[in-house]
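Consider the single chain below, provided in structure tokens and representing the form predicted alone.
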Amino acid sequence: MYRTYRRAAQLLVFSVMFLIPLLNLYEIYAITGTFYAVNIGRLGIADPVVIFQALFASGSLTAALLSAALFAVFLALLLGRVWCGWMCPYHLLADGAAWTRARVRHKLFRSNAPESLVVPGSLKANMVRYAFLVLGTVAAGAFGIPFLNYVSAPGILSTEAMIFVKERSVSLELGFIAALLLLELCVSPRFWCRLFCPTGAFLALFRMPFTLRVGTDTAGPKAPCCKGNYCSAACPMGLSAFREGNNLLCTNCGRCIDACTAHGGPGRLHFKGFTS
């Protein structure tokens, strides 16, 4: 149910990466920038991690910087990590890498079993990615260099799209994306989004009781509602979807909900929050 809408949203945002510099090339400046920071008319929207690093590096926060981060924060408060699950261009490529890896495993090893994760368990995974976020931010403050900007996969992809459209070339930064995708194919799928992505980790912190999330009508379920546990097997973040829908790793992609209904389950999983 959600897969079609999610893929359409991902492809739309991916196309926008190329559309923005193309419009600028024809001197249409209604929208400018990259996914580090974009201006839509007079509205400025920035990756909050960029603003967070600027705060630590300069020791001051201007109203312009704060307002640029507010849109992303508001979206996270309302819809959870919808940016990660439904919009991020790197997540779309990671989906493709995971699909390719699964097909290769099936063809060569006749295996459809769920992947074993490099860092098992949501607690350990969250510890790794928040340690990475904190270290990168502290380094930005100590050295005045926005280190996390250099590993922002969506920001790099958007910048490379702009360079390609305007100059018909790419920069060495694209090699970082290629290395990530190679690791996704050969080592472990989703490892970057799950263990390192600073933007995803930062946005996950903004949640309230009304924030959109995956849940059930059963309070504190201890076991899946079906023997196959299809919802957990479908989760790209390695979560036990029937009880961890509110985990900081969840991207609200809806795969678990689709898997539950596709296999004839009772459909107990659904989005909760402001829809409740």
Partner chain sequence: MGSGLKGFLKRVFLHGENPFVDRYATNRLRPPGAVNEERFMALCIRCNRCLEVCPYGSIKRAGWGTTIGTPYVLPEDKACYLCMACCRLCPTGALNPTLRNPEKVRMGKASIDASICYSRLFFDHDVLPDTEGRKIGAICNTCYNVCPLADKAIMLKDNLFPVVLDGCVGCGICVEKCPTRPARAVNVTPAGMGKVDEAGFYFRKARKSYETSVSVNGEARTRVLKGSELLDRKYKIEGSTEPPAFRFPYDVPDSIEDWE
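Positions refer to the first chain, counted from 1. These numbers come from a predicted model, not from an experiment.
Absent from the display: the form predicted together with the partner chain. The rest refers to it.
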> Hey, of 128 to 136, 93 to 101, 168 to 176, 114 to 122, which bit sits against the partner chain in the predicted bound form at 4.5 Å between non-hydrogen atoms?
Replying inline: 168 to 176
> Here the chain is shown alone; which of G85, P189, P154, P146 has a heavy atom within 4.5 Å of the partner chain in the predicted bound form?
Replying inline: P146
>> Using a 4.5 Å heavy atom cut-off, which residue among M162, L195, L180, L203 comes into contact with the partner chain in the predicted bound form?
In response: M162
>> Even though the partner isn't displayed, in the predicted bound form is C256 close enough to the partner chain, meaning a heavy atom within 4.5 Å?
In response: no
>> Even though the partner isn't displayed, in the predicted bound form is N229 close enough to the partner chain, meaning a heavy atom within 4.5 Å?
In response: no
> Just to confirm, F74 within 4.5 Å of the partner chain in the predicted bound form by heavy atoms?
Replying inline: no
> Does T34 reach the partner chain in the predicted bound form, with heavy atoms at most 4.5 Å apart?
Replying inline: yes
> Does any residue in 1 to 40 get within 4.5 Å of the partner chain in the predicted bound form, counting heavy atoms only, and if so which ones?
Replying inline: I20, P21, N24, Y29, T32, G33, T34, Y36, A37, V38, N39
